[in-house]
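Included below are structure tokens for two forms of one protein chain, each presented in isolation as structure 1 and structure 2.
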Structure 1
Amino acid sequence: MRRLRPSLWLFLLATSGAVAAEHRFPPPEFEAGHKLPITTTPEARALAWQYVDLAVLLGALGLALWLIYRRRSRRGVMWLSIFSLGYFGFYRNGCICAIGTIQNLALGIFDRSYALPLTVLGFFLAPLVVALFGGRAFCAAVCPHGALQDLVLVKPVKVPGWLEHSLGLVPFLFLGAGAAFAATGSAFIICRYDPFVPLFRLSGSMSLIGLGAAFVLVGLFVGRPYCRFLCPYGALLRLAGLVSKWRVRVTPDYCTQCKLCEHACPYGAMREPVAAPTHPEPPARQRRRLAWLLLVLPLAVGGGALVGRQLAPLAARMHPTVALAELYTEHLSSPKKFPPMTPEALSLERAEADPKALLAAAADLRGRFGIASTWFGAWVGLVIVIKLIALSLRPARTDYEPDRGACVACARCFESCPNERVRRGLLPPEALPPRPLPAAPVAMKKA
């Protein structure tokens, strides 16, 4: 608070001077000496609470890391999930959340006049940096969206691989669209179409509540449908997880190849060891495919950019100013009569007051959308072809291990592993088959 003083004083000086110079027309003098009531101004949530939020976030992230890597405790992760759901979800109404901060950041980068609150930057960066080193600990138990879905999962169903991979494109496209709309200052679509925030608030538009309910219903059977198939921040964390320094390891010792962990994972994130196919695809064909895809990559990016550019006028309508300008020009050519005092009639009045400025602003925005949607188109091409390339590379794996990107570190697999059970003293060591190969390097020490 102390640091705020100078700016506060400046603000007061700037406004109070003007107020003092003004003379307000005096209200009536009441003979009976009636005193005028004072207009109340309930305070907004105090700034200090923003720092509490940030502290809770950092604390929860640290605790999640500890629970996942040290304690290897599903129960602990679950209780942290419940806490996060309660705090960030139902107490803080799902707002502030790291998912939405993508947009604030995108807007902040492109709009120099937009001041980014410190906490927003913190909420964006902290989970990301954690993911770069320790995987998606944020998704595991800190994000209220993830926590909600994780907790309602009662009967996980395996999503077929092809569907998983295809739908897995959506978060990246949503990320691109969200950033593009935010960067042009037109809309925060990630927040607007967030299915869970209305549930946290117990209030919202019917369609969004319905969407949230639908996600929860699907989430009873499909693990974390939002995280896997929509969440744009999850897409970012997935990328971060791919290069993370430490990762979740199922077995504390060596892999017995029992496949139990694969069954335990509800999110399709467990990868089996690579086995040689009986009829391997000729390597030449694989190489040719890869070469083709590498060739297609720039074409797809360029083509996407071209198509994206064409989308600019459509996308620009998302901006209220452009929408108003279009309503106005349409009104000029074929006048429409709106009932008096309706929002449409009133916004047209605003347009008519200074059409030149409005149309100039709209033209400027269209120009910005031209750039943004070009980038978006290129991003779409890039995402699709990179995904195809990734599916064309042969992985090298000797053990069952969670996919670095897909694993949300929910800690369910740990207790499925016989080696872990031995470690916890739930199984006698003799129950295990003998160590098949020399020990593979283990990143984290056993507890």
Structure 2
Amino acid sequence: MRRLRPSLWLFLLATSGAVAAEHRFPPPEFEAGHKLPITTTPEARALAWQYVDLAVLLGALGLALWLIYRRRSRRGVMWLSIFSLGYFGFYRNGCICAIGTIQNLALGIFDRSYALPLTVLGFFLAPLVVALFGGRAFCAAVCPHGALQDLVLVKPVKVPGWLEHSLGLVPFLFLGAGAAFAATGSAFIICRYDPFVPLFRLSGSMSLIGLGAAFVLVGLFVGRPYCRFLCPYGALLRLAGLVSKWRVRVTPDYCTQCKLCEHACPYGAMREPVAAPTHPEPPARQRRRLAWLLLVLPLAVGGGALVGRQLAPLAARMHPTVALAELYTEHLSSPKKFPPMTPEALSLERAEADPKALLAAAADLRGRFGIASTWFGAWVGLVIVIKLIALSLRPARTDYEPDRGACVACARCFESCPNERVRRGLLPPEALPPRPLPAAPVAMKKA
């Protein structure tokens, strides 16, 4: 089977509505001598250049790790962000990017006829592997979406904690929805509703351009709103960052508790010290709370799966083949006359050409949607309960530390730390305050 080049495949699926219309409605008859216009869609990038893009990605990831952990340079990270925005964003038009490869992988798993290109697999795996060892270096300066938001940030405001945690669930839900739609072959919704690709391409629907402009405007005051509250690939990198071998450390020596790093972080990733309580919660109560949450976990997963299964027929109707099959079946039971050359008349004409194949394809798609919707519902239940378990944990901290999952390694906190400035020779050693005493135990409030 001939394999579609990845950029062409992404374009076709990102415009699945138009593609489906072309399959459903034959081109109209024109007078003799008429010539169909030449398409203005650019050709897919040559395979050799796709490997060049992958090589640039790997080089940029390596440079980002060096700048973050060896040089500890905010200026270097910023210049790399500008390069990534120019190359992966405006030059490569935001395609192919690691964010959209989630859908290619899901389609490759559930559709044996689709051959997953090696370059796409490389774009999916490389940032994840790096995150397992060095945190979210991809988000720091390689992703064009993050680079654009990072560079336009002017006056960041702090997002309330309850809103941060609530919106933090959205990327995981979007991840599940994107994988489900791609697995059924319906659409690549992550690419279709990407708010920045139309800005990179300087073209697109007015609604998407407006959405991208809105994210940029919000990004002037809220640090990386897309990365924190919508990006599905960022959700995967967040999980990988939690178990990373190396992590960003603000101070090279000891923490002076000056809180400057907390004010310098615009992404809500800095965690303040938490002293051990004088009267710790009884272990029996902790075990009971964890036991209840673990008991709720399978119930939430199972309940979500049942709800997802019930919504499968509704989701399946979003696929043009299923919608056409239902229109044809409804027409057989209660025939209706539509005016000639209307979309309904042309659709029925298309269906009557080979009704058995149409109904068989629709039945296969309904089965796929049943499986995908069930898994998506289970995923929603799992995400919610895992979030509750994470919120119930109260780790003790003695210093200000970046959260491994939330930190995007932008290196802003390095510039704010007095210890780091002394190390660079920007401050004399005597300018440092004395090492703080250990925090006194805090009495816990009785329930």
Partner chain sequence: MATAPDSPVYRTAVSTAWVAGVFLVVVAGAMLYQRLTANSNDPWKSPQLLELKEQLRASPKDEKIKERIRELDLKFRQRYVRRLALTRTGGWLLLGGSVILVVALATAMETRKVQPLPRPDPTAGDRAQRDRAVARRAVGVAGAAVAVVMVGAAATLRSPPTVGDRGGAGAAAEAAKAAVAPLPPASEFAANWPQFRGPGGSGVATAAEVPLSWNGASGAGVAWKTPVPEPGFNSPIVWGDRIFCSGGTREKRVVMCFDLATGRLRWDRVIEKVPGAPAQAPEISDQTGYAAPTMATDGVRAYAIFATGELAAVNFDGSLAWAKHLGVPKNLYGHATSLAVWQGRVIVQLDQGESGPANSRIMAFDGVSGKQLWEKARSVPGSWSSPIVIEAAGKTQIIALGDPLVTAYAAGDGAEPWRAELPGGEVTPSPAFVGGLVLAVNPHNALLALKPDGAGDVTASHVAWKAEDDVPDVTSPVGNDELVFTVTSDGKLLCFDVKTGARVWMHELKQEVQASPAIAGGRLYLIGSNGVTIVAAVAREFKELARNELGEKIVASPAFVRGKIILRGLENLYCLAGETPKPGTP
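Numbering for residues begins at 1 and runs along the sequence of structure 1. Whichever C-alpha set is largest while still superposing within 1.5 Å between the two forms counts as the rigid core. On a predicted model such as this, the values are computed, not experimentally measured, just so you know.
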(request) Determine, for this pair of isolated chain forms, which one is the form predicted in complex with its partner chain. (result) 1
(request) Superpose on the rigid core, then tell me if the C-alpha of S166 is displaced by 2 angstroms or more between structure 1 and structure 2. (result) no
(request) Would you tell me if R201 moves between structure 1 and structure 2 by 2 Å or more at its C-alpha, with the rigid core held superposed? (result) no
(message) Once you overlay the rigid core, does the Cα of R366 travel 2 Å or further between structure 1 and structure 2?
(response) no
(request) Any chance you could measure the C-alpha shift of R288 between structure 1 and structure 2 with the core superposed, in Å? (result) 4.0
